[in-house]
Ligand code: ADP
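Quick heads-up: it's one chain on its own, the form predicted on its own, in structure tokens.
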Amino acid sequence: MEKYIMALDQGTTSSRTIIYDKAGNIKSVVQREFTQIFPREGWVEHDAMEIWASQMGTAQEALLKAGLTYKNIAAIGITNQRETTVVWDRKTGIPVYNAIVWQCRRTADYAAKLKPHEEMIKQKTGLLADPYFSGTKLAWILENVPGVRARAEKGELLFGTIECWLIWKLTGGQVHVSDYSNACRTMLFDINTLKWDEELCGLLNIPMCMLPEPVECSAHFGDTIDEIFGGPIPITGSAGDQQAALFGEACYNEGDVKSTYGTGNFLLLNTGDKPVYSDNGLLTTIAWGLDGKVTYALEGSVFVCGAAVQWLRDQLRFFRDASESEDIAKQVPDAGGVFVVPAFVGLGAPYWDPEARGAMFGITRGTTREHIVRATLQSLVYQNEDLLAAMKADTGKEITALKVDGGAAMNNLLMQFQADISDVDIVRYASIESTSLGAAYLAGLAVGYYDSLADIVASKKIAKTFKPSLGEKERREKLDGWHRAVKAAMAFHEA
């Protein structure tokens, strides 16, 4: 009987299930969007039960679509939107409140109170004191949902990020675990000791009895209950979306780096078996735990990447389909001196300016739609280059190649500009589904579906490599223009 791996890819706007063969080819894929809840300005929530229902719906449909049963699935791997926070009843499995999403900014005041402890937080967790992470979201639920704190302190409630919630549900409430790559995004987990930290939990008044058991990313966590698929399937892989993408891009060596062009943009650099702390606004994170060893990474987050193209489509109505942006941008030889700073929700790394807002500079009477589209696409590249420059400064090492994935990685104009501005080779694999593939690889390693990392690398096929073609003087001029634009955008709200 031919065997496959099932990847559950639980994202911010949709749940997907992809069934892969050993070569990484897709046997079937099903995707389902779910409700985005915005109770107030800056607040973002999801219904955790709807996430569960949508994820299981896609999983069952993917099996039917492929003509498979649970017996054909060697293992399940899970990847997920990180930092999103769920609290639920240990006995009934019913959440006490909607899931608070990673994008939600309601806990800015909680994060501000942690600023005096930021150096300690950085040394233990690799993170900044920011509402982005799960710890402040959990503290908010404990303080603001009636009766929750008392129940939590009695041991009646459990906390988890989305992979933890899905594993708990898949196993019928038998397994409460969080893999290292997700646990390290809570601001409650010490990435050096690989344990929940009493001091950090104390700062946010979190009862430690709520917390899941931290585990490696590739191991046998448990089996699905028979009611879901008709029989048990082992759950053996789990990683947060960006770490899963790093794994899926086969960035297994120290110095390997990948960029995911999604709604936001995430650049991760494998730093090997020791955490590297940043002086340039990057986060230090666990990439994965595998075979008793932990691999660390430096991470840079850009809040607006593909979302800038959606803005051109939905708000400015420059085109109907995002894929048209490349053809429109090609109609002009350059951006005509225009710079777009897409700081619609503030600026992420390396600036970390939550108050900054979007801006456009260099407009003249001759500026056209085509120039603005090209300038917007180029802004994605400039933001990525800022992260690469920060990584070089933190590690003291040159970066010669960048592996790319995500929807915008299919834009050849964009990828060539990235090669030119960053002066590195851009490598695009045949499959840009690296996030779900990473979860599949982690699951497959645990059950012997893949023999080794070398087995995975052998299955990867490069579709295209983009080589730098821009002179240093022109490259420097373009970057100087970008940095002036960013500085001006940040100065606007300070005036």
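Residue positions are given as counts along the sequence shown, with the first one as 1. Everything numeric in this text was worked out from a predicted model, so none of it was measured. Heads up, when I say rigid core I mean the largest set of C-alphas that superpose within 1.5 Å between the two forms.
The following text describes the form predicted together with adenosine-5'-diphosphate (ADP), which does not appear among the structures shown.
**Q** Identify, from the list 323, 280, 368, 192, the residue with a heavy atom within 4.5 Å of adenosine-5'-diphosphate (ADP) in the model of the complex.
**A** Contact residue from the list: 323.
**Q** 408, 329, 338, 86: which sits within 4.5 Å of adenosine-5'-diphosphate (ADP) in the model of the complex by any heavy atom?
**A** Flagged contact: 408.
**Q** Which among 282 to 290, 300 to 308, 122 to 130, 178 to 186 is in contact with adenosine-5'-diphosphate (ADP) in the model of the complex, heavy atoms within 4.5 angstroms?
**A** In short, 300 to 308.
**Q** Using the partner position in the model of the complex, report whether residue 263 sits within 4.5 Å of adenosine-5'-diphosphate (ADP), counting heavy atoms only.
**A** Result yes; residue 263 sits at the interface with adenosine-5'-diphosphate (ADP) in the model of the complex.
**Q** Honestly, after the rigid core fit, is residue 320 moving at least 2 Å at Cα between the shown form and the other one?
**A** Moves: yes, 2 Å or greater.
**Q** Does residue 329 count as moved between the shown form and the other one, where moved means a C-alpha shift of 2 angstroms or more after fitting the rigid core?
**A** For residue 329, whose C-alpha is compared between the shown form and the other one after core superposition, the shift is 2 Å or more.
**Q** Classify residue 161 as shifted (yes) or not shifted (no) between the shown form and the other one, where shifted means its C-alpha moves by 2 Å or more with the rigid core superposed.
**A** No, the C-alpha moves less than 2 Å.
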